[in-house]
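To begin, one chain is listed below as structure tokens, in the form predicted alone.
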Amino acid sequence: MPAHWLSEIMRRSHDGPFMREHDFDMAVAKTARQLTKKYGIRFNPQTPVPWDDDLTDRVYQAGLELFLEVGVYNMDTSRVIRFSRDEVEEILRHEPGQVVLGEGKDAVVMKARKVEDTERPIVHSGPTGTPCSETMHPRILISCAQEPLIDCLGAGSVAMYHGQEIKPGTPLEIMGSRRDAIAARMAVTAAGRPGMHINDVAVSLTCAGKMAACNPQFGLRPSDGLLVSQMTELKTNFDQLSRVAFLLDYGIRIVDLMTPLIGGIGGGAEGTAIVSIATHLLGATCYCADYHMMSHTHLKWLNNTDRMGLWIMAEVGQALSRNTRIVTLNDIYTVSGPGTEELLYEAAAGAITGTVSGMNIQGCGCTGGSLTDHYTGLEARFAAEVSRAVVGMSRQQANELVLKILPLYEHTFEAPRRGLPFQEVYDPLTVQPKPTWIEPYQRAKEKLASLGIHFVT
């Protein structure tokens, strides 16, 4: 991104066309519907992992057209930031296609993967989006950082500070953010991986809170990352743009977080896929993102492991892989929780879909992020094992597998098996899984092996 570009974004935030937020939402919804029809995009529940390259390229073109047509809405000025096709294509041409995460012996290179890539994805884990208690948070982080197949750690968030609720914009946010950054640094150090990339401190909801997490010695280093968020759909504000200004100066990795809602403004699977392409373009043009975290979420179930969610994941991953050098990862959200086989099957479906569709992997947002301490390193290990087992698999084979796995969990969406909190499935002192969690893990692994997944030993 040129040095003057962020100031140009600011100029357009003040000089762009004025629009009421409701009208912008309606424009996004209307345009997404029109583009779905124009490009003949159709969701098929029997192909949660599609392999139609022509359809995938149409999804990309529709997403690009949506972004050019509606632009980005600045909620602080009620102005629309618009870009020309030449500007967007120029920015995309300069995408590096890879980013170094972490430092020293623990550094990894996360790439813009290809569809059906034979190189394994980089795997992120941690309770990002899942609330943690002050007591269990450090142990949950260690449970993830100690897993050999996990490459990067998300620091997650704790809603309390010494028993007091953390509210954005207060001193407690600053203090909580620094505490959680220190906890993440201590976790990767305790796991013998002091240079491991930490991809966010999620307790902070303001720019000041994110800044407080940065400390080269005790907190987040330039080799780590911090999230810059989008508001649904295709919206930003000055707080998010201020993060970009700080993060560019600090030199830390900028992570673009998007949460398109399945059943929201974009409508069903087709419109949400189109919107999801456009949100990646927002992250590239407005945030100078090093990588993108796609956290599309079902409006009702708060997951993305249903058939629509998987199809969107696959189409967007493939569309970006085939048409850009954007580095992206799927953020797997499940309805189930730790201690249940259903959680592992959901994680497997997300890992398979993302891996063969050119994405890197993040997992798992257990219980849709609704229950405190419902997160462990074991389901992250499982997602990584499944991902590694299907590297190089064709999309047709992956689709057949996912169709076999879906019946193992999709019947629970209306009555989810939420599972147990960390302290009931892990020993908090040894930070090792208890038999009550190891046994379902082993059963799920045996079941998937019987379905044709050949785990790497």
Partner chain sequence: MLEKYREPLSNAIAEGEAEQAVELTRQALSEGVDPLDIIQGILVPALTQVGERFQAFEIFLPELMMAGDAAAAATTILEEAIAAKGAQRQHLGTIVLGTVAGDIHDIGKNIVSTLLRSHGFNVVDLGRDVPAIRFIEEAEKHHAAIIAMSALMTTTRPAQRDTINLLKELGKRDAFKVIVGGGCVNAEWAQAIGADGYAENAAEAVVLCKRLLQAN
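Numbering follows the first chain given and starts at 1. None of the values given here were measured: they were computed from a predicted structure.
The same protein also exists as the form predicted together with its partner chain; that form is not shown, yet it is the one meant from here on.
Trainee: Using heavy atoms only and a 4.5 Å cut-off, decide whether all three of I150, L401 and S450 touch its partner chain in the predicted complex.
Mentor: No, the candidate spot makes no contact with its partner chain.
Trainee: In the predicted complex, does L205 come within 4.5 Å of its partner chain, counting heavy atoms only?
Mentor: Although its partner chain is absent here, L205 would touch it in the predicted complex, with heavy atoms inside 4.5 Å.
Trainee: Counting only non-hydrogen atoms and a 4.5 angstroms cut-off, does M26 reach its partner chain in the predicted complex?
Mentor: Judged by the heavy-atom cut-off of 4.5 Å, M26 is in contact with its partner chain in the predicted complex.
Trainee: Would you check, heavy atoms only and a 4.5 Å threshold, whether V72 touches its partner chain in the predicted complex?
Mentor: Heavy-atom contact with its partner chain at 4.5 Å: absent for V72.
Trainee: Taking its partner chain as it sits in the predicted complex, is K30 near enough to touch it, meaning that at least one heavy atom pair lies within 4.5 angstroms?
Mentor: Yes, K30 is a contact residue.
Trainee: Pick from I182, A245, V88, M231: which has a non-hydrogen atom within 4.5 Å of its partner chain in the predicted complex?
Mentor: The residue in contact is M231.
Trainee: Of the options I326, A145, I166, L282, which one has a non-hydrogen atom that comes within 4.5 Å of its partner chain in the predicted complex?
Mentor: Going through each option in turn, the one that passes is I166.
Trainee: Which of these stretches, 254-262, 136-144, 309-317, 339-347, has heavy atoms within 4.5 Å of its partner chain in the predicted complex?
Mentor: Residues of 254-262 come within 4.5 Å of the partner.
Trainee: Taking heavy atoms and a 4.5 Å limit, what residues of 89-108 are near its partner chain in the predicted complex?
Mentor: Contacts from 89-108: none.
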